[in-house]
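The structure tokens that follow cover one protein chain in two forms, given apart as structure 1 and structure 2.
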Structure 1
Amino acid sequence: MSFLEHKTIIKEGDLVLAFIGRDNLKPIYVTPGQAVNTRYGTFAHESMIGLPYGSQITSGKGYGFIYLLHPTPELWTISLPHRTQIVYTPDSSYIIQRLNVISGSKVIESGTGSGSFTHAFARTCGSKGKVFSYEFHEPRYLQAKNEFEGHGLTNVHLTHRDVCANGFDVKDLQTDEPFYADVDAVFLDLPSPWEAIPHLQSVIAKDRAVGICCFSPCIEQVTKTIEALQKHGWIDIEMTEIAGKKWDSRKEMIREVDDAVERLKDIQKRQAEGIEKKKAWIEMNKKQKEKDVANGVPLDERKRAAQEHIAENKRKKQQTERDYGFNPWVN
């Protein structure tokens, strides 16, 4: 299973993103004998094997369904297990475009975190490019390493290192010789990127323009980062904030003036009918009470008869309730 290539048919061991709701995707590694449980039912993994990606399957009981989607960086961002705060698609797409990352590019990313942005970089760079990703936290490094191998990200070179202290120089995994990245773009998602910036000179390309993006949430971080960039020769520095907003489209009822007038007339009519019925009920109840007192009916018996009368009226009302049809004032 690879994020860099598209498959048509689901096989055992493949990663499937189960679409349960618009913002609810569940990653599944198809394993015989296992099942995924959702609010819409239980879905056996065996039922997914052999189906094309994009298929809709129903639960074992015949009701409720999910969609089986092919993994992409965008969908993985929604469904991945969070180990850190991640970079979401509105930010990652803008950063990739501004850094001019294309097929064949070499990119440095630090830190790896949950690996959301690494998948987007890997797909954009393609098989001819390279992503050099660094993570200082060993448990996160090991988890990311297993995910990248399982997802077929063969163009990602992951290193366990604190780049702020030890820099970006890496060794080739096969020859153990120094491997200089000669990178085209740099992305730093670090608490103190200004400490890593001085180490970039030995790994960035010298014969072409190189872009850098420092992803920082606080203006104090931004100030220190800009000072470090200026000190080490970076130019054309900009600060940008991306505010992504999701919009939902839905069908709305058309509210016509004639509908409103008709509705108001109907409400007034039912109000008048209700007032008259209430007056008649009070008068009838008063006479019935006088009659019961005159006949010596006990108070408990009168209360029980009144409750039965109310219940009977409610039942009749439900049976004869009018259907008012289309209501333009209720969504």
Structure 2
Amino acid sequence: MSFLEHKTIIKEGDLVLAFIGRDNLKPIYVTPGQAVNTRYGTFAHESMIGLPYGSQITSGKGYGFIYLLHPTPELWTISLPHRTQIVYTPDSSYIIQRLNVISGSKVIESGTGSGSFTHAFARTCGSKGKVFSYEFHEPRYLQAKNEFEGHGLTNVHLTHRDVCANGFDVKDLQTDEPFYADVDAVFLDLPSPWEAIPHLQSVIAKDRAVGICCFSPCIEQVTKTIEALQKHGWIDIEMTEIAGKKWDSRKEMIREVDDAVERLKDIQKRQAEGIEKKKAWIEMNKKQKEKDVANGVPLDERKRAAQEHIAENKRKKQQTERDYGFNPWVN
């Protein structure tokens, strides 16, 4: 039951999220004989058993690695197989908080979708609480059912139903006996929540305040939802919009204007020096030529000497470390 409690050591059959790279987490059930195949190598499941969660392991070849992470609803949101658009952590964290969901809360969620938010609700409600989740799409319902069982979400009560048409009334999953859900909070992630709102009366708590959140991408949906909520006795209705941001960091140099000026001055100085040097070089060559001509050195000999001189200079330049000019950071 690793989504509802913290485990320390990885055992056979446990769910592990293999960190392959950023935004690439692969859910695996530790099964001897199986292996995780990634572009970084192959990792045998056997090698994971007995290690603490958070361990880094290498592939069979000794290079390339993955990390073995403990499942949490937030990591599951990153790694889960998308079947629908999902609710991300900035939204789900705010909704859980505003609906006052705590350990022991009973919550309705419809539709289940990819089951991302179901995990967050289940974690916060804990084993004393209950999450009533409804999904009208059969393949999605079956997949979610399978997943929740595998993840040990024992506090999730999943129903295959179109709540807009058939309401929220629940039955015991074993005995099929109808019972009163008595829920504290409602989360509707449906294309037309206004069709589901009239059915809530028979399942929500009657002796205490109940919170509702309708999650819609379009403002037109919000307008219809507000009207339906007002009509069915909900009060203190407020629309909000969440902007979640993720920031990366990197190092950048803070440069000073004085340094930029110093650098320009340095360039000027070097240019002036360069011109002087070149002038001296030309002058020296001229003198050498005059001397050679006076001494009667043949042209071929003079050419060879000049080439040697250039090669020698080049070698010297390579040997001495290059001066990169003014640098405010090296002093």
Partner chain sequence: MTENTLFPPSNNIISENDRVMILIPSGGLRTVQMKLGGIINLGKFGQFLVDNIIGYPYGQSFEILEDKKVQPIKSLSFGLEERDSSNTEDSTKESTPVPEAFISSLTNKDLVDKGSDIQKLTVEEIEKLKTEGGGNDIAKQIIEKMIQSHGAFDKKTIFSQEKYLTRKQKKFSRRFTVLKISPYNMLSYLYQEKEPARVLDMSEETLGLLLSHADVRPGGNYLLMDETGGLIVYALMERMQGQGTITLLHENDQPKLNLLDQVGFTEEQIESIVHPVNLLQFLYPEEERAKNYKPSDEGIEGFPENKKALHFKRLRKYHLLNDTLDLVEKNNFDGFISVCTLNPTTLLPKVLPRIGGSRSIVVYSQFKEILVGLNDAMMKDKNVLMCNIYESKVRKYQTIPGRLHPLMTSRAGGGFIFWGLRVFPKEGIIAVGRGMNKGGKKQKLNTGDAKSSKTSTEQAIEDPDDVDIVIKS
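Worth saying up front: this structure is predicted, and the values here are computed from it rather than measured. Definition used throughout: the rigid core is the maximal C-alpha set that superposes within 1.5 Å between two forms. For residue numbers, the reference is structure 1: its sequence is counted from 1.
Self-check item: Of structures 1 and 2, the form predicted together with its partner chain
Solution: It is the second structure that is the form predicted together with its partner chain.
Once the core is aligned, please say if the CA of residue 70 is shifted by at least 2 angstroms between the two structures.
It does not reach a 2 Å shift.
Residue 255 C-alpha relocation of at least 2 Å between the two structures, rigid core basis
Residue 255 C-alpha, core-superposed: shift of 2 Å or more.
Discussion item. Following rigid core alignment, is the displacement of the residue 56 C-alpha between the two structures equal to or greater than 2 angstroms?
Written reply: No, the C-alpha moves less than 2 Å.
Taking the rigid core as the frame, how far in Å does the Cα of residue 267 move between the two structures? Taking the core as reference, the C-alpha of residue 267 is shifted 7.9 Å.
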